[in-house]
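The chain below stands alone and is given as structure tokens, in the form predicted on its own.
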């Protein structure tokens, strides 16, 4: 027997129902905010993620499924969704148009990491990316949209916020941070020691408990913001306060990707073991330019589908569609023709084997059908059907052609 690879699993049965409910709910809400669907390839040039996510990130250094294809190209399976959407945005020359563009996407992502609850090597994300709007009002709107998605799914959360500054205030902060990190370098883990010179901000994202305790007194980026970034962050928190959206400022929140600037946020839950992110995002005003496009402000987020699968409050099931069954062999053919016609308007389940009345009623109940439609000897002879509404319990015997 061949089983799925470690860290990868099939999406079937009840999980597929939960997956579809999550996607349908998130899609419906994203459309209300003006987002349209985009789909990008699973396979991309490795250079795309090196330039966007960052050479020093764990994703690029440890987790990507990277290989050389038969044409000698250095490719990898996408580890996240934003970079591919930005690449598509630039490829389609949308960066040269004055219109603001908004896209939503969902699909499989791949990271070679240690599998655990809610964290797989093949996983799914739903995300949104907004291009061309530099106002912090868009950051607020994105956050409210995520909140509405989780509210619709019945998921509780805590919102964490930080500001990662911009190219004006970041250099000064990096110098101060490197000075501090240098004094405690020998006590930091190996990854953090390497990052002091390559990308010191990544040190703040380290999950090592020793490193976290050492960094407790490190300089805070939020204390080094320039006037513009500081004002934007104050505006964002004021908007959240006025909308009664609870949040906490996490000065070590830098996200795991290098392309973020200014607003960064995470939605976390303590209902999946240790407190863990179920959605995250922020602003990335320089990424379009990094990928050879015209300077374009942008902000977006992604929701980890597997992270929230067990948290979703599924709606009460409702009866839907028609169950067709016959108690005589000669009734099967007429039912097949009826099924073809009715499938133009609703879900139809057909039982191919003639059975008794009670067996058909059990089959209709198991199928979750709204109507049980049967043919017996009498119905076959006079061209009628026996129809029962399993919700209202009403029965009728309409003409077969009129049903």
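Everything quoted here is computed from the prediction, not taken from an experiment. Residue numbers count along the first chain shown, from 1. Each form is matched to the other, and the largest set of C-alpha atoms that superpose within 1.5 Å is called the rigid core.
This next part talks about the form predicted together with the RNA, which is not shown.
When the RNA is considered in the predicted bound form, residue 358 lines it closely, a heavy atom lying within 4.5 Å. Within this chain, residue 114 lines the site of the RNA in the predicted bound form, having a heavy atom no more than 4.5 Å away. In the predicted bound form, at least one heavy atom of residue 195 sits within 4.5 Å of the RNA. Contact annotation for residue 280: at least one heavy atom lies within 4.5 Å of the RNA in the predicted bound form. Exactly one of the stretches 41 to 49, 59 to 67, 27 to 35, 338 to 346 approaches the RNA in the predicted bound form with heavy atoms within 4.5 Å, and it is 59 to 67. Listed residues 78, 87, 262, 307 were compared with the RNA in the predicted bound form; 307 is the one with a heavy atom within 4.5 Å. Residue-level contacts in the predicted bound form: of 123, 104, 233, 157, one residue has a heavy atom within 4.5 Å of the RNA, and it is 123. Contact residues in stretch 365 to 403 (any heavy atom within 4.5 Å of the RNA, taken in the predicted bound form) are 365, 366, 376, 377, 378, 379, 386, 388, 390, 393, 395. Once the rigid core is used as the reference frame, the Cα position of residue 195 differs between the shown form and the other one by 2 Å or more.
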